[in-house]
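We begin with a single chain expressed as structure tokens, specifically the form predicted on its own.
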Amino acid sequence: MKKTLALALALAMVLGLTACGGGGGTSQPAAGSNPGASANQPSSTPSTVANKDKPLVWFNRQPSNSSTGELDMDAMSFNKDTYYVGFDANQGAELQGQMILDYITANIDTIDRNGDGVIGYVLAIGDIGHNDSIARTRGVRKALDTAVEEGGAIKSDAVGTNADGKATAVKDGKLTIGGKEYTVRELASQEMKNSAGATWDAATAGNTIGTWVSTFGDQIDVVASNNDGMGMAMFNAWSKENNVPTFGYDANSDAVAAIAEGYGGTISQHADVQAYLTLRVLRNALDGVDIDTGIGTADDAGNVLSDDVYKYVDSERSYYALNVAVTADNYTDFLDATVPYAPVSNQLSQDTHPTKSVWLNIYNAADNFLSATYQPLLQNYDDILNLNVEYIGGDGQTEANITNRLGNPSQYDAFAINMVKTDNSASYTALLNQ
């Protein structure tokens, strides 16, 4: 059974690094205090490996320039055992856009609620500087023919409100369905950031849909969201009652279940595969075996992934899970998002894979996908892979809220990091370089 960190140790870690964490006056919760997390006792024997040489996995937020999307290869090559684990954002974005287009096509006789010949949609944007959010915004606009290109790339800016169709970040699209041409208009889009600075904020989305409805009323025919947390907030606040299809991303269990109640659909980014890869890459590096072990090549317990659920891009040192559209046709297969992926759920032997200690953070303990889907999966896999993981939940606002709780990296054998902002890898690597 996993042990809970003693309060004294947690407080010592917080106080010991307050000066070097760069944080403001925000009080820091104890390590592992986020709801549902398990705080595990790190190894009692400090590792003899230098912290800068320990295995490191970035996950969910790929180190990159938030303005240009360019990968931060310094972070990606921090040491020989550094990798990224995420999902194929562009493939998933295209799936989401196509899913929305397919729904409109299949329901063209009823989709235009006020019969004005304009299919109006609103779009909840998660984080305008996040590559995944950018890709999803572009995917919707490309599929619905509202995309505007600049410099060879589709614009992903939020438009605010666009009642007259004259916004410069989008254009009015044209769809021909059943021999009839329809106009498609992005009526409004906004980054869902709360007053404290946290992005992908579901509460903000739930409030914003009310503002959009007061402006546009029955001009809103479709609601699209960069993720399910925001999508479900808008669905529950308005679109469910008004029978307006709402589309999200992540295949969170509540969103999948809501498809039976009219939620239009979502995208599974194979969180079960991502969570496995996050810890498996660390396990392999700690064992000193080929990085492909238990991934593309079966391990000694029979764990292996097929190439239709993930891909590896060597030049980016990145593993990407592949996405699946979840709609009314197949949603019953995705109702429990926290079940480990069967082909990689075989227990490793303690004899050949002795327990190692991992420090892992979730950028925002309130994020629905990460806290309710990703972390429970990690907690299933850490047992399977014999990893003693300490889970740290951040506030979604500052890196210091997280780094202030990495008080003694020498206690851990490896690290898994989920940044608040994709630009901020140095906040973590600086601690490991000390």
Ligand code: BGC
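Start at 1 with the first residue shown and count on from there. Note that this is a predicted model, so its numbers are computed, not measured.
Absent from the display: the form predicted in complex with ligand BGC. The rest refers to it.
For Asn60, a non-hydrogen atom is located within 4.5 Å of ligand BGC in the model of the complex, even though that partner is not displayed. Using a 4.5 angstroms threshold between heavy atoms, Asp250 counts as touching ligand BGC in the model of the complex. Although the partner is absent here, Arg136 sits close enough that one of its heavy atoms falls within 4.5 Å of ligand BGC in the model of the complex. A residue is said to contact a partner when one of its heavy atoms sits within 4.5 Å of a partner heavy atom; Tyr363 meets this definition for ligand BGC in the model of the complex. The candidate spot formed by Asp88, Tyr276 and Arg317 is out of contact with ligand BGC in the model of the complex: none of the three has a heavy atom within 4.5 Å.
Only one segment in the set 366 to 374, 385 to 393, 404 to 412, 49 to 57 has residues whose heavy atoms sit within 4.5 Å of ligand BGC in the model of the complex; it is 366 to 374. Asn227 is the sole member of Ser189, Thr246, Asn227, Gln96 with a non-hydrogen atom lying within 4.5 angstroms of ligand BGC in the model of the complex.
Proximity to ligand BGC in the model of the complex, taken as a non-hydrogen atom within 4.5 angstroms, holds for one residue of Asp132, Asp81, Asp299, Asp112, which is Asp132. Residue Trp200 is the only member of 182 to 206 with a non-hydrogen atom no more than 4.5 angstroms from ligand BGC in the model of the complex.
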